[in-house]
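Quick setup: one chain, the form predicted on its own, written in structure tokens, and binding and motion questions come after.
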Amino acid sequence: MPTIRHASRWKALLLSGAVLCLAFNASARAANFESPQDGVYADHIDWGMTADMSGPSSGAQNPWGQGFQDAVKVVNEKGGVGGRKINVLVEDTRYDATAERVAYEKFVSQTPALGTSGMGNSSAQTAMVPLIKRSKLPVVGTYTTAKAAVEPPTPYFYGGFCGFKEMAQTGVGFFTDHLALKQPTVALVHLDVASGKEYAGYMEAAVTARGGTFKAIPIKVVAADATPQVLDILAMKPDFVAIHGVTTTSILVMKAMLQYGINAPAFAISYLGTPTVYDGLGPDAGKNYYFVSCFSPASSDLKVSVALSAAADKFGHSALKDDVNYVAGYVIGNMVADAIGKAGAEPTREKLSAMLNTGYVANTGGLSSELKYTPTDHFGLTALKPLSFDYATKSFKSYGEYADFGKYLQ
């Protein structure tokens, strides 16, 4: 008959075995967990990605998509998330709002995904807010962020790019101070789309807050000539110019400004701070061209871009590592993988959204300003800094750190 001491040890062993058994069973359940309606399977997770890969903004959105997929490839090579690989379902929406909606609805039920990223059409986002609320498929890390989707915050929508208000305030503040202007005169060339009109409103507010004069000059996304817009600029004689558009917009405007002898500096939205734009401009037009960004091109900070550069080199995208759009996609790809992991061993759309709605901070490794979501703020990124390109060294130059420009944000 066992002694009391032996009985106690026996009970302890039984208890320990029971705990291990429960832990094993929980682990087995997690490993075998599937929720096909959420795009979650035992060995992989389906995740949607939409981008303009063949339309008017493909020059900027294609690099974003490459960066996103390269980041996911690295995660998958390391075993995925909780043993599940991330399978990216890519849809080319050609910068078309209808195609964006069709792709989203496809990810909801036809080929269900746990979530989706990209959605780089502000007009589509504005129109789709009711659908996103109703369908409850999380949109995590967008290529652009429409005001209607985050003010007030939509429970299943989480931005992933620099904000238009912050771009306007940072650019206007920096150039007004840099040029020692008291009442700046500013012209904006912008696309005649929802985000362009929204940006025009923010620009006007930032300029008039400094007692300045402002004029918004619209341009079509498919424009092949910016002469009419530049003639308006010439008549206005602005202290500096702002540009909202696609890759060709910056090239057309800056080259026409050079042709008409307009020597005013110009700053573009983040999407247009790319090697492709600077190559298209050349040093004569490009010397006056700046952009404001919440993402850092690799050459502007070599210390923080080691992992990104390695991924770009490995997957044949070395030429994109200095493209802020590629950097943005890479950051969002890593953020998505991290967010899935933090949704738990049995991820669902509901659990993912609940985690993000409670509050989330991404580790971007210094490649961007802080990316975070709170219960009342789904924008993601706020701080930006001005950058330009040095043709002599073929590298990007930052004018300070992100924290230096918080004084301009209101």
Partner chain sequence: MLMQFLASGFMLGSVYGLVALGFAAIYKATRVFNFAQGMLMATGAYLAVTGSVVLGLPLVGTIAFVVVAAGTLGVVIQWLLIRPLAGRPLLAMVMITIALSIILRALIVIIFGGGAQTLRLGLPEGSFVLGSVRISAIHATAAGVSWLCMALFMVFFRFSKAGLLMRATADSHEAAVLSGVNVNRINATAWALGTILAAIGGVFLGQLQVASVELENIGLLALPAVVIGGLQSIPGAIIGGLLVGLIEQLSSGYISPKARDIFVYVPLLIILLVRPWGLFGERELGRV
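Everything quoted here is computed from the prediction, not taken from an experiment. The term rigid core refers to the maximal set of C-alpha atoms that superpose within 1.5 Å between the two forms. Residue numbers count along the first chain shown, from 1.
Quick note: we don't show the form predicted in complex with its partner chain, though the next part is all about it.
Although the partner is absent here, K314 lies well away from its partner chain in the predicted bound form, with no heavy atom inside 4.5 Å. Among residues of the shown chain, Q259 is one whose heavy atoms approach its partner chain to within 4.5 Å in the predicted bound form. Heavy atoms of T126 never reach within 4.5 Å of its partner chain in the predicted bound form, leaving it off the interface.
Shown alone here, D279 lies within 4.5 Å of its partner chain in the predicted bound form, counting heavy atoms only. Judged by heavy atoms within 4.5 Å of its partner chain in the predicted bound form, the contact stretch among the candidates 48-56, 346-354, 365-373, 379-387 is 48-56. Taking a 4.5 Å heavy atom cutoff to its partner chain in the predicted bound form, the contact residue among G201, G82, P218, P155 is P218. For the candidate set E151, D192, D96, D239, a heavy atom within 4.5 Å of its partner chain in the predicted bound form is found for exactly one residue, namely D192. Contact check at 4.5 Å (heavy atoms) against its partner chain in the predicted bound form: all three of A223, P228 and L252 pass. Shown in the overlay between this form and the one not shown, fitted on the rigid core, is a CA shift at L320 smaller than 2 Å.
Once the rigid core is overlaid between this form and the one not shown, P283 counts among the residues whose Cα shifts by 2 Å or more.
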